[in-house]
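The chain below stands alone, shown as structure tokens; this is the form predicted on its own.
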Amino acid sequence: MSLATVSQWMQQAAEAVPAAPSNQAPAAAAINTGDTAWVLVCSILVLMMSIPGLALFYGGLVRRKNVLSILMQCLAAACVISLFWHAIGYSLAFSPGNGFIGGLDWAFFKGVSLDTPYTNYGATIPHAAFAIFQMHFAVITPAVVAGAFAERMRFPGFVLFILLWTLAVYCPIAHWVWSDTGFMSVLNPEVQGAGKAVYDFAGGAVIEVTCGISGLICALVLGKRKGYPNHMSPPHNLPLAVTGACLLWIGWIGFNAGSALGANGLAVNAVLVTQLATAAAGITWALLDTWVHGKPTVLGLISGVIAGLVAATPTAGYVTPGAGILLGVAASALAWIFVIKLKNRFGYDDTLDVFGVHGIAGIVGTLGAGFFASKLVNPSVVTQTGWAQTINQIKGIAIIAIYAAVVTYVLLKLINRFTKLRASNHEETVGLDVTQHKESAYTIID
């Protein structure tokens, strides 16, 4: 069977499921209260992903002596990055600026209107609504990275790291892919005025690939946890992790569907693709666990769910539900291979599998967004799709991965000169809850 035949079959399978209605949001720059309400509700759902969703998910997976430390990191990210985003983060990521980075025209939300749209960032919602929605994207991204070095980074270094990382890694990459002037438009001149050079609906490349690569670098630079891998305890509270995963699933609907920036057909498609891709991915991981270990595991099921959510992130506004199911299965299977097979073989200690799940599934989804992109789903899709657009997706992933890896490495080395990043043997043995915060999650009363 030739490559062309396989490509044609995959395209036909993806198109077999009817697409959701296309985006019908009006082009005129007028506020629509329904669209505004939708985006604000989705913004709240995205914040729920960080607190309490991600906090509970990560908290349940670590050892009991470190659960407060990871909860604290998620809460601190919400506080620190919200203030940073208002001050300069949003302006650097989305204001016109130049091809590499935005300017400071919108610093402290100056000129970010409460009652008029900035057409290219939502023609029917206030500019400020878009800025707030994106604030919560910025909040969760460094919090996800924290899963890679959980149980071994000291809190002062963590705060400095997430602040500088958002400034030097997240803001430029968001600008390249999502802003009007980002330089990645050179990858595909055809999309000028019609769409994006790299198709990334809600953050598969900007968030997930960036998190995965940066998380891997953090894990390698900080080194393995004491006793890894032979003397590691299992997750201390799986019900807590399941609760967090369920909150993430619900919140992720807002993450993806809110990126339609309106209550319209594109949002409907995003909800459907997200739901189906996630369900398919969860089942895939459970079946693989059953095949290898004889029984499905709760930890495996929620890991597959997260992989499916990640894969849907770049694709939800570009592909049909059929393609979403295919990508959910592929993302879960590849993430399973990395987490269950390759991680131990390579010996790196990515505590909560940020690279293995977020990074790998993000790459699969970003590639799929290019290959399966359909104009029936999203009118902004240009005629260049399939393998041609997939090449652009590969170029975009490569640029993002290299930049994120290099800058993350430099930041870690730089920060370590000012404050020690890695917990000492004593701090790690006692646990970060007590040594970093002088508190304990669980108190035994005589």
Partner chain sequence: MKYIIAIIQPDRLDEVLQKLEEKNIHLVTVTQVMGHGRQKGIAEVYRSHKEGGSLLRKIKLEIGVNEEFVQPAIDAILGGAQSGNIGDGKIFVVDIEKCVRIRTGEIGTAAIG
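Numbering follows the first chain given and starts at 1. None of the values given here were measured: they were computed from a predicted structure.
Another form exists, predicted in complex with its partner chain; not displayed. Remarks below refer to it.
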Which of these stretches, 213 to 221, 351 to 359, 90 to 98, 168 to 176, has heavy atoms within 4.5 Å of its partner chain in the predicted bound form?
351 to 359
Is every one of Leu261, Ser380 and Lys395 within 4.5 Å of its partner chain in the predicted bound form, counting heavy atoms?
no
Given that its partner chain is not shown alongside this chain, does Ser424 nevertheless sit within 4.5 Å of it in the predicted bound form, heavy atom to heavy atom?
no
Can any non-hydrogen atom of Leu160 be found within 4.5 angstroms of its partner chain in the predicted bound form?
no
Give a yes/no on whether Leu104 approaches its partner chain to within 4.5 Å in the predicted bound form, heavy atoms considered.
no
I'd like to know whether Thr141 contacts its partner chain in the predicted bound form, with contact meaning heavy atoms within 4.5 angstroms.
no
Considering non-hydrogen atoms and a 4.5 Å limit, which listed residue (Leu288, Val339, Leu164, Ala123) is close to its partner chain in the predicted bound form?
Val339
Can you name the residues of 81 to 114 that have a non-hydrogen atom within 4.5 angstroms of its partner chain in the predicted bound form?
none
